[in-house]
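The chain below stands alone and is given in structure tokens; this is the form predicted alone.
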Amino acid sequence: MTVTSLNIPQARANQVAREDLVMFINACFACTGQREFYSSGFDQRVSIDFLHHYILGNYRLLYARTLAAGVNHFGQAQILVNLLATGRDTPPEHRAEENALIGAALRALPPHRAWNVLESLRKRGVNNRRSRAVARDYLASRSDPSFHVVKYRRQFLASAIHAHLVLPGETGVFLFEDRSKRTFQTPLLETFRQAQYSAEAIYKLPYSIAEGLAARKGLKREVFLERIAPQMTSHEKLRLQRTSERAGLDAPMLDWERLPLTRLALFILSMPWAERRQKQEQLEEALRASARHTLRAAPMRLGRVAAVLDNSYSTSGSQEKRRRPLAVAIAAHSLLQEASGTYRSFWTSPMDSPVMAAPRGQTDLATPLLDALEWKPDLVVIVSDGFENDPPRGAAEALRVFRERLDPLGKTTIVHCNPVFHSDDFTLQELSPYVPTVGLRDAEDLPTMLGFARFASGAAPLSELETYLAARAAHFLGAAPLPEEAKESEEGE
């Protein structure tokens, strides 16, 4: 039985639908199915799987349009697999839009995520005409199919067999025949063949492909890293900074400005304390440069802004997401600092620089929140997992009094951004019913989340949320420019 089939008043049905969708979209922003500080990975996966199937069964069109809402890659991949596995349930009038959203979202995913989606279809035995067409179109859309066939050859081969793909050029020969008995005209395929016998050829391959071959051939790690450095991407260079230093090599040169902001914050937190202190100015400038680069891609103009940032012990995260909540807080601080006319940050455990942040102590959000409100900002952004224990619910009570007694007209906007999905109740841990709570996987999503906050607050009706998702879907498919309303939301107030 679906929500819409229940015998309840229409207004209440609309409210339930709006709350369901907001809960689902928030979960898709924050949840990655990995272990968190307060819950296991199994709990996370069970909760998010239930949410996906509940929304898919009740609001299929809006479920598909969520692909365009900016949710994280884990959530997008789950939506794609679920839509393709239940294609027969798609209403005919929505089939064209759903197909277009599936194709566009799959093409926009990072390649390893996209191939995981196609592999998931094979494992679930989904082999209908639409899923085969999606696999065919995805392969045809790749500008560098030889890279995919070499790097993802196991998944490529399995998907090609499962979806009955017609393979271009020499791809079929490379995958299905003995590669040692012939040469290839495609440069990367031929280089990969030569690398089976020649160490020199390994250094002509992209790093991600060459690393496995180098290990198999027993090449010395320090020699390999030094010679393969020109073939590395910026992400690979960042990941190998520590490895290179341990091997006694100069770390690969990085373009700090182009590094993703949250990933840069995670890298800073991985550095030894003394090294962070030694390079403090350089790291602070790197954060500011990355924030400016992020804002050029997603502009956000803000006025007088205060950020209340949680760096209590629970921001140490889990083994799978080590220090990620704290990294999100540092990255959000840098982004808001660059986007605001006037800005101040208020940490639960103050420090002299964000690059020296560390997860420590109990969670006292009330004290920095009161300090922030006393400063009289236009916007307060709280970045926290929502669990406060020093004192319990201190910030919640402060927010209640502020909203009821001091600012009943809501002149000061307050938004709680939570990077942690709470699996016990399928949603994010709220600080207070007086402020909206939105999910935040990466600080780079902050402009989108500030725009989405009005739906989480309950101020906007279901019809407005449906319009918002339809507009984002049209923009995502290139059928329309971003509407003014959505554009203003993304730019912030």
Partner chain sequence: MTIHATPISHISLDGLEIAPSQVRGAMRLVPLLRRGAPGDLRLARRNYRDDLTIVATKGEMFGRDPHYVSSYAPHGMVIDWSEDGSPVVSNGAQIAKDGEQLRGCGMSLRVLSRMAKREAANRLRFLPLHLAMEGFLSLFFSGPEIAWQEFSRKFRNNGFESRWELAVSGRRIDGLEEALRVFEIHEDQVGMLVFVADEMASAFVVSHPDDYRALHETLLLDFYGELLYQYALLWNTAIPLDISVHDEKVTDLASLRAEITRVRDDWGKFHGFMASDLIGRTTISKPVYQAGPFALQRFITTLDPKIENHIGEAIVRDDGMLEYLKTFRLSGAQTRRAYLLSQLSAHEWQLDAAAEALQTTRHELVHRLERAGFGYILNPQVLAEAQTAMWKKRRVP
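Numbering follows the first chain given and starts at 1. Fair warning: this is a prediction, and the values are worked out from it, not measured in the lab.
One more form of this protein exists, namely the form predicted together with its partner chain; it is left out here, but the text below deals with it.
Undergrad: Would you say all of T367, L373 and R405 touch its partner chain in the predicted bound form, counting a heavy atom within 4.5 Å as a touch?
TA: Spot residues vs its partner chain: full contact, yes.
Undergrad: Considering S141, Q282, T183, N389, which brings a non-hydrogen atom within 4.5 Å of its partner chain in the predicted bound form?
TA: Flagged contact: N389.
Undergrad: So which of T363, S340, S334, S345 reaches within 4.5 angstroms of its partner chain in the predicted bound form, heavy atom to heavy atom?
TA: Among T363, S340, S334, S345, a heavy atom within 4.5 Å of its partner chain in the predicted bound form occurs only for T363.
Undergrad: Does its partner chain get within 4.5 angstroms of any non-hydrogen atom of P145 in the predicted bound form?
TA: Although its partner chain is absent here, P145 would stay clear of it in the predicted bound form, with no heavy atoms inside 4.5 Å.
Undergrad: Check whether S312 has any heavy atom within 4.5 Å of a heavy atom of its partner chain in the predicted bound form, and answer yes or no.
TA: Within the cut-off, so yes.
Undergrad: Against its partner chain in the predicted bound form, would D255 count as a contact residue? Criterion: heavy atoms within 4.5 Å.
TA: No - in the predicted bound form, heavy atoms of D255 and its partner chain never come within 4.5 Å of each other.
Undergrad: Would A398 sit within 4.5 Å of its partner chain in the predicted bound form, counting heavy atoms only?
TA: A398: contacts its partner chain in the predicted bound form.
Undergrad: Pick from 173-181, 405-413, 291-299, 96-104: which stretch has a heavy atom within 4.5 Å of its partner chain in the predicted bound form?
TA: Of the options given, it is 405-413.
Undergrad: If you look in the predicted bound form, which residues in 30-53 sit within 4.5 Å of its partner chain (heavy atoms)?
TA: Counting only heavy atoms within 4.5 Å of its partner chain in the predicted bound form, the contacting residues of 30-53 are F37, Y38.
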